[in-house]
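In the form predicted alone, a lone chain appears below as structure tokens.
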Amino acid sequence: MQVKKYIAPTLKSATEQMKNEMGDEALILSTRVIRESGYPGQKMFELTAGIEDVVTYHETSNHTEAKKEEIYKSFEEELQKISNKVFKNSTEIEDQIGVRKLREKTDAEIETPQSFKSIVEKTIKKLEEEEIEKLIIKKIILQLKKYGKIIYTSNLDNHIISSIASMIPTKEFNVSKGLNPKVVSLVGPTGVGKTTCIAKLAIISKILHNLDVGLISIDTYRIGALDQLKVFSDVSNIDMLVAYEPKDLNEIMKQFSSKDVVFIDTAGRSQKNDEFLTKAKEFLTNANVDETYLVMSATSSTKTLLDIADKFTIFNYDSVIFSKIDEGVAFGNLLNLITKINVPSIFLTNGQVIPDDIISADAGYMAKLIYTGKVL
């Protein structure tokens, strides 16, 4: 595998550099925020990418439809190659160990080439059942091909989960006491659970991190939205203010200037409603937001998730929160989205209980969720 690092002001631009040079087959191995000496005071993103030697760098993300068809058509052929390779490697191992020693083992103890081939095929079928796209499955197959000599039925699942995890960038929720409040906004379509997410993050920041927290709501459209957050703020003893117009944010931020962290709850709107998205953007511009999290439901289809992610780029979101994983039945849609937008995940939510039902995004955990379809 060839490995290279890319540094850019945004994760999106770093990803574009990677794709332009290494192509769509490249895997994101890690991402982190750094401070470059040549850019004093500016936050930069370092992306580490890798690509198998068998992949050509000149393939970019701008695949033509004909190229995609070629990839999909070769999928079954590639699987057959892998199976044949596994059979050959297993035969070589058998020769090295010695036929006499193998005969002393019971059938249950021996992982025969044919049984391994069968399990590989079943695993590929399972990935398709989890609604993972074929192009991603092909990347996983290439990983299996690379390590075919050391893969057995007993560790096959671990290899696949590791391969999936290598495709998932994540980000930590960093908050601390400082001179200025860290301002975090949550955006997303209607009904994905933004308000509940904010309540969870507010409690975590106050109780676990011992921070002074402020809440701002600009969701003055939805009936009962303000009441929901107001009741929470009263119970948790967290200050809350409402902005009815974008200019209100300037005064509110002055009142919250001594806070450690301020969360802004936005109105949930369809990604098709350009007018309301533009209005919400105007609000957040006045608040000088530090980080924006896009909240999306894990139960949405890949097509819907991609449309939401595209339309909400108006907010220049830094991270993604996947809500309602407790309601999902297949999670290949999350991997399909992540590999296309290359924006790190920061949280998963798995229920309505505050603050318990929220999980920090972890690549290994998400890979297991995607592969097994089960919330562990």
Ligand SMILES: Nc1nc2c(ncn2[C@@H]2O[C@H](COP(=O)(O)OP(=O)(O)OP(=O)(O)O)[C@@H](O)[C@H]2O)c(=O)[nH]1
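Residue numbers here begin at 1 and follow the sequence given. Nothing here was measured: the structure is a model prediction, and the numbers come from that model.
Keep in mind that the form predicted together with the named molecule is missing from the display, and what follows is about it.
The named molecule is not drawn, but in the predicted bound form it has no heavy atom within 4.5 Å of residue 311. The closest non-hydrogen atom of residue 217 lies beyond 4.5 Å of the named molecule in the predicted bound form. A residue is said to contact a partner when one of its heavy atoms sits within 4.5 Å of a partner heavy atom; residue 181 fails this definition for the named molecule in the predicted bound form, lying far away. Using a 4.5 Å cutoff between non-hydrogen atoms, residue 350 counts as a contact of the named molecule in the predicted bound form. Residue-level contacts in the predicted bound form: of 118, 190, 258, 288, one residue has a heavy atom within 4.5 Å of the named molecule, and it is 190. For the candidate set 166, 236, 304, 228, a heavy atom within 4.5 Å of the named molecule in the predicted bound form is found for exactly one residue, namely 228.
Only one listed stretch (195-203, 239-247, 134-142, 169-177) carries heavy atoms within 4.5 Å of the named molecule in the predicted bound form, and that stretch is 195-203.
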